[in-house]
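Take a look at this one chain, the form predicted on its own, written out in structure tokens.
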């Protein structure tokens, strides 16, 4: 299964597919179908919910449809299609890797492949503190409901004051929680490196995944361009 493959090889395979999609010209329906078939095979192998992944990848469409509409009105239908298909296929490829790889393993793989350590560390803490903020917000919501509080008021100014006060309290509580986490990490001799409990082992299946994804994507690109 795709979940068990080495995160480093999945990142390299993702990079190969993204570059192939981005640099393929012309990019018509046939070209998009080839890349879609490759990603569809990955979805089937990974046993992810196809409908859910396809729907989540569509989050990029509101940003690209605007530019595609401008290109279509300018009489460039091919470019309009490419502006929709390329970002969607790229988002689908990224989701496929993220959904089959734990975030710590993904960040450790990025670090081992030469991504700057500071960038990896920032991403790691951002990922972790999002859950801290979400947890604090959930606790505040439960506490407010238990006290019978309601943010709905008849005046816009009242709603603004209630929302701004809630955000201020959420920030203060999250900051306090983050300081506690930092002290705990320093007490455990944290040196700025994220280490995995079980270091990954590179096998022939991992290399086969990289080879298949890269060869398939770039062979299709060269065949289309020829």
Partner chain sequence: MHIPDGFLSTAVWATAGAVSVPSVAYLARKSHRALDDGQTPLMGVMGAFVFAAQMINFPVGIGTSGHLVGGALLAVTLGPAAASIVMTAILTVQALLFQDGGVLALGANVFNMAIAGVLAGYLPYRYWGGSSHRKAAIFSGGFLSVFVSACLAMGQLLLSGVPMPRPVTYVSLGLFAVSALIEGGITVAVAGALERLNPSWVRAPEEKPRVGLGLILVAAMLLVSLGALFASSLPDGLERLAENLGIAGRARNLFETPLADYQARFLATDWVRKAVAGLVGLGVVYAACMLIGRAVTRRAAVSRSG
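By rigid core we mean the largest C-alpha set that fits within 1.5 Å across both forms. Numbering follows the first chain given and starts at 1. Here the structure is a predicted model, which is why all the values come from computation and not from measurement.
We do not show the form predicted in complex with the partner chain, though everything after this point is about it.
Candidate from 50, 172, 187, 30 lying within 4.5 Å of the partner chain in the predicted bound form - any heavy atom: Only one option qualifies, and that one is 172.
Tell me, which of 54, 60, 36, 45 has a heavy atom within 4.5 angstroms of the partner chain in the predicted bound form? Looking at the other structure, the residue within range turns out to be 60.
Applying a 4.5 Å heavy atom distance criterion, does residue 95 contact the partner chain in the predicted bound form? The answer is yes: residue 95 has a heavy atom within 4.5 Å of the partner chain.
Is residue 90 near the partner chain? Define near as a heavy atom within 4.5 Å, in the predicted bound form. Within the cut-off, so yes.
Any non-hydrogen atom of residue 105 within 4.5 angstroms of the partner chain in the predicted bound form: Answer no; every heavy atom of residue 105 is more than 4.5 Å from the partner chain in the predicted bound form.
Might residue 211 be said to contact the partner chain in the predicted bound form, defining contact as any heavy atom within 4.5 Å? No - in the predicted bound form, heavy atoms of residue 211 and the partner chain never come within 4.5 Å of each other.
Using a 4.5 Å cut-off on heavy atoms, what residues in 110 to 145 are near the partner chain in the predicted bound form? Contacts from 110 to 145: 116, 117, 118, 119, 121, 122, 123, 125, 126, 127, 129, 130, 133, 134, 137, 138.
Residue shift check between the shown form and the other one, rigid core fit, residue 141 Cα at least 2 Å: Result for residue 141: yes, a 2 Å-plus shift.
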